[in-house]
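The data below hold one chain only, encoded as structure tokens and taken in the form predicted alone.
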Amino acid sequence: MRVWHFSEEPYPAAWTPEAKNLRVSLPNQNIDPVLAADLYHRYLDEWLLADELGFDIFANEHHSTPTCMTASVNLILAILARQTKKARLLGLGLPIGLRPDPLRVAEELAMIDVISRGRLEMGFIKGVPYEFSAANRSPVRVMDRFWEAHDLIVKAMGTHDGPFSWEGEHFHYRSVNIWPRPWQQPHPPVWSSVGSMHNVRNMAIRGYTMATFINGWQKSKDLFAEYRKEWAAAGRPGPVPLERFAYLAMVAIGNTEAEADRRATQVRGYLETNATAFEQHKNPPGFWSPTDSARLIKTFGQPHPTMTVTTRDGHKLGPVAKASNADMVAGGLLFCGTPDQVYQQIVTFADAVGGFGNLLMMGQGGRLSHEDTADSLKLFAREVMPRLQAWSAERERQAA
């Protein structure tokens, strides 16, 4: 099992009680560039430490928000491509359906792949509803733009015999001929995050790595099962390798249960602020289909989802904002405790959902300090990661 260190590079100083909205329209007078510079350097130092400890690295991007200062995941990856030595570099945060120039995206990704000498993993996503206003894009038919941008990027990376033209529905180029071409051929591996069944088939028929974010026991199991079904239907041989599945969870580890619980309370600031936005930004017209909007209203009483906690046996514990750390562990959204406890929680969850080969570990979140983050990374690398890798290798052997 590969373990990927993840942080959204938050700016918690702006998370004041009077801030009713942390997305899109919070004035940037609320950020101090001096403090922001200190935080950027701090988060980069933590990724460099993760590289030294044997983690892989996962970064993303968001816009106009103090919940995530990374406005361009490619800028962060470019820095890490030069400064890290071993880690695979995953940018699971490129909303290519929102980007006006996918050819520029292809050029940037190829540069990062070459600078890193072939350690890039490309993560293409739809984007969250709050991003459309900042991008000045319409949510209508965003997935059509997404897949056309994807097709152009992949073709640009794999075409080496001179320029070609692209006349699509959404993008038009007279001459496509990227320099440099990527180190990995025909292109770096592709990932995407999936929260519903609609896009699972597109992932499975292409053999891409599918990630699911903090979705708990049943939904993750259902998504992974659907991928396996579509993989077989597409005529792909054998069982799906576990490396094609990824799960993101918050992780709080400590030498004692009390230390881990304190860290978990701070990491959870991610969930408590991530959706703090005015209603008009949560469901821009066209983001959800009419069918999905009706389902959301029926389920949640509003046209957008509320993250809830459900145990393995289906018992509903309520919204995450009111859940305890123990509830979050019971829901499979948080792995928390001593190294032995965290290891057992991860393997129990992985077995229950059908297995996965990538743990996307939010080991830094909310207000968790640099000292706590660094100590947690070292403890996980020393006490948990080797056991996870041995367990995963044995599971793969049994499945072969």
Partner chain sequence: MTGSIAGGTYQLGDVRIDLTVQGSGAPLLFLHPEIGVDPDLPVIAELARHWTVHVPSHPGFGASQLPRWMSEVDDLAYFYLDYLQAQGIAKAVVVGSSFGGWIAAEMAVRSCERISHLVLSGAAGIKVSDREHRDFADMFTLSINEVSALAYTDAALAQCDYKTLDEAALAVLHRNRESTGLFAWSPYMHHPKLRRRLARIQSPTLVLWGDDDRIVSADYGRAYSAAIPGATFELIEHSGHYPHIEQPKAFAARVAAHVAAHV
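Residue numbers count along the first chain shown, from 1. Since the model is a prediction, treat every value here as computed from it, not as a measurement.
One more form of this protein should be noted, the form predicted in complex with its partner chain, which is absent from this view; the next part is about it.
Candidate spot 141, 293 and 300, all three touching its partner chain in the model of the complex (heavy atom, 4.5 Å): Per the other structure, all of 141, 293 and 300 touch its partner chain.
task = Name the stretch: of 69 to 77, 319 to 327, 217 to 225, 128 to 136, exactly one has residues whose heavy atoms fall within 4.5 Å of its partner chain in the model of the complex.
result = Stretch 128 to 136 is the one.
Would residue 308 count as touching its partner chain in the model of the complex under a 4.5 Å heavy atom rule? Residue-level check for residue 308: no, no contact with its partner chain.
4.5 Å heavy atom contact, residue 158 and its partner chain in the model of the complex
So residue 158 does not count as contacting its partner chain.
- request: Find out whether any non-hydrogen atom of residue 262 is located within 4.5 angstroms of its partner chain in the model of the complex, and reply yes or no.
  value: Heavy-atom contact with its partner chain at 4.5 Å: absent for residue 262.
Heavy atom to heavy atom, is residue 280 within 4.5 Å of its partner chain in the model of the complex? Yes.
Among the candidates 189, 269, 286, 241, the residue which, in the model of the complex, approaches its partner chain to within 4.5 Å (heavy atoms): The residue from 189, 269, 286, 241 that makes the contact is 286.
Looking at 169, 257, 101, 151 here, can you tell me which has any non-hydrogen atom within 4.5 angstroms of its partner chain in the model of the complex? It is 169 that has a heavy atom within 4.5 Å of the partner.
### Query
So the C-alpha spacing of residue 297 and residue 24 changes by 3 Å or more in the model of the complex; is that change toward closer or farther than shown?
Relative to the displayed form, residue 297 and residue 24 draw closer in the model of the complex - a change of at least 3 Å between their C-alphas.
Quick one: with a 3 Å or larger change, is the residue 295 to residue 24 CA distance smaller or larger in the model of the complex? Answer closer or farther. Their C-alpha distance shrinks by at least 3 Å in the model of the complex.
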